[in-house]
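Here you get one chain, nothing else, as structure tokens; it is the form predicted alone.
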Amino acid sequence: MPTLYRLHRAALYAAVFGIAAVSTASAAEIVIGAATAQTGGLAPYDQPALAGLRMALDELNAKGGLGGKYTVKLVIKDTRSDTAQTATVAQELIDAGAKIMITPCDADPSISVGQLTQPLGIPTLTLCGSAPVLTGAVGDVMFGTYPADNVQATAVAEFAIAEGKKKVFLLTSPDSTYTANLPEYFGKVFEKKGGAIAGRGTYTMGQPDFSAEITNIKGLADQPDLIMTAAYEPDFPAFIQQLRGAGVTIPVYGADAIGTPTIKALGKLVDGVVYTAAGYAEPGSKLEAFNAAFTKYAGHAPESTYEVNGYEIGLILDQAVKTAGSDDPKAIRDAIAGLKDFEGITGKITYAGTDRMPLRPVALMRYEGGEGKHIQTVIPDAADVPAP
């Protein structure tokens, strides 16, 4: 994934977002620590999100910083996609004076950071970790930013029912919260809406051979008309290649982690695969304008909606500091928790009345001809979303 981004002029974004460039010489400084994967399995998710966050913070610094008062010093350390290393670098960032912490796109390393930041009251936001158990596992300083797994699963399950799917095979891995729980959330909603679970299978993350699970699927007396999995890179490419190579044509559905260039590059092999995203760039939308501005900033187009999610984190922090009127971590935390119908780039974002996993839209996408095509954007009814 790209890790270097060109410097930009604040005036470039004035035309797109109405942002003016002003001097920051007199602004106080606030340190934001970013414990993110620059290398390893989470890098394809963390790095795009971090690029979007950097863009937002550069723009905000050009107009005085967070809340127009606090210039941001962003300190980034590589977690190497390892939970233990994540905790190590988080402590280093705390020691460097971080008053706000950014964590990886996965619950397990994010929880390891939260165990350090919770006792200190440091607001902690995951770049795109989506496990709804995340906030409860840490405490009141922890915030999700991306559509939660159970919300995504509900949107996908309701779409599957609407398409006439009756029986699903759930493929999970116990090796991460995301891969273990998201398909099970799907199964709960699918059954509630009249579908049935035809079978279950498991895999080990990073395994190269899915032949046993494919044989399991092919041998089912009651054949499913859908396979649901939260597998991602490198597991999803291996699975779909071997599945189709074995002559199995059953449609496969997933979630946000397969909306990446690597999966797209599989071309016709992934035609029909349904996945989710944080938004879709309708003509004339804020997201379309963001994509154009990001392209000028980074020198390449956004690779996913992780970039805009990272950008929106910057906007959320800016609004929280404005509301708090200070750089006090507790006041910032309280302000984030109270956000309601905040106008982001992808739509309205709400934390008020939630368990700090945001209420926000989910875009349903399907690969067709090697491209992700928009199906619809939905906000599932809260009554249909399974509890964490």
Partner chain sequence: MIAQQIINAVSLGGVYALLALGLAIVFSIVGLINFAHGELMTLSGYALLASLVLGLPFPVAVLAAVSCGALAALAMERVAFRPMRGASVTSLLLTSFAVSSLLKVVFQNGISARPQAVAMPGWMTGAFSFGDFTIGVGPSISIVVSALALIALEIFLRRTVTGTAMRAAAEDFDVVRLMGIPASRIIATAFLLSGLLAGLAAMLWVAQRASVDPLMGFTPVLKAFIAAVVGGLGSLPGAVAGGFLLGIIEVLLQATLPATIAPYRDAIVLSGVIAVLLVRPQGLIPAVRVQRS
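Source: prediction; values computed, not measured. Numbering follows the first chain given and starts at 1.
Only in words, not in the display: the form predicted in complex with its partner chain, which the text now covers.
Novice: Choose one stretch from 273-281, 186-194, 212-220, 109-117: the one whose residues place a heavy atom within 4.5 angstroms of its partner chain in the model of the complex.
Specialist: Stretch 212-220 is the one.
Novice: Out of Gly65, Pro358, Pro44, Gly344, which one falls within 4.5 Å of its partner chain in the model of the complex, going by heavy atoms?
Specialist: Contact with its partner chain in the model of the complex is made by Pro44 alone.
Novice: Looking at Thr260, Asn291, Thr71, Ser176 here, can you tell me which has any non-hydrogen atom within 4.5 angstroms of its partner chain in the model of the complex?
Specialist: Selected residue: Thr260.
Novice: Test of understanding: in the model of the complex, would Lys166 fall inside 4.5 Å of its partner chain by heavy atoms?
Specialist: Taking the distances in the model of the complex, the answer for Lys166 is no, it never comes within 4.5 Å of its partner chain.
Novice: Would you check, heavy atoms only and a 4.5 Å threshold, whether Gln91 touches its partner chain in the model of the complex?
Specialist: Because no heavy atom of Gln91 falls inside 4.5 Å of its partner chain in the model of the complex, the answer is no.
Novice: Is there a heavy atom of Thr83 lying 4.5 Å or less from a heavy atom of its partner chain in the model of the complex?
Specialist: Judged by the heavy-atom cut-off of 4.5 Å, Thr83 is well away from its partner chain in the model of the complex.
Novice: Contact with its partner chain in the model of the complex for Phe159, defined as at least one heavy atom pair within 4.5 Å: yes or no?
Specialist: Looking in the model of the complex, residue contacts with its partner chain do not include Phe159, since no heavy atom lies within 4.5 Å.
Novice: With the partner left out here, which residues of 200-217 have a non-hydrogen atom within 4.5 Å of its partner chain in the model of the complex?
Specialist: Result: Arg200, Thr202, Tyr203, Thr204, Gly206, Gln207, Pro208, Asp209, Ser211, Ala212, Glu213, Thr215, Asn216.
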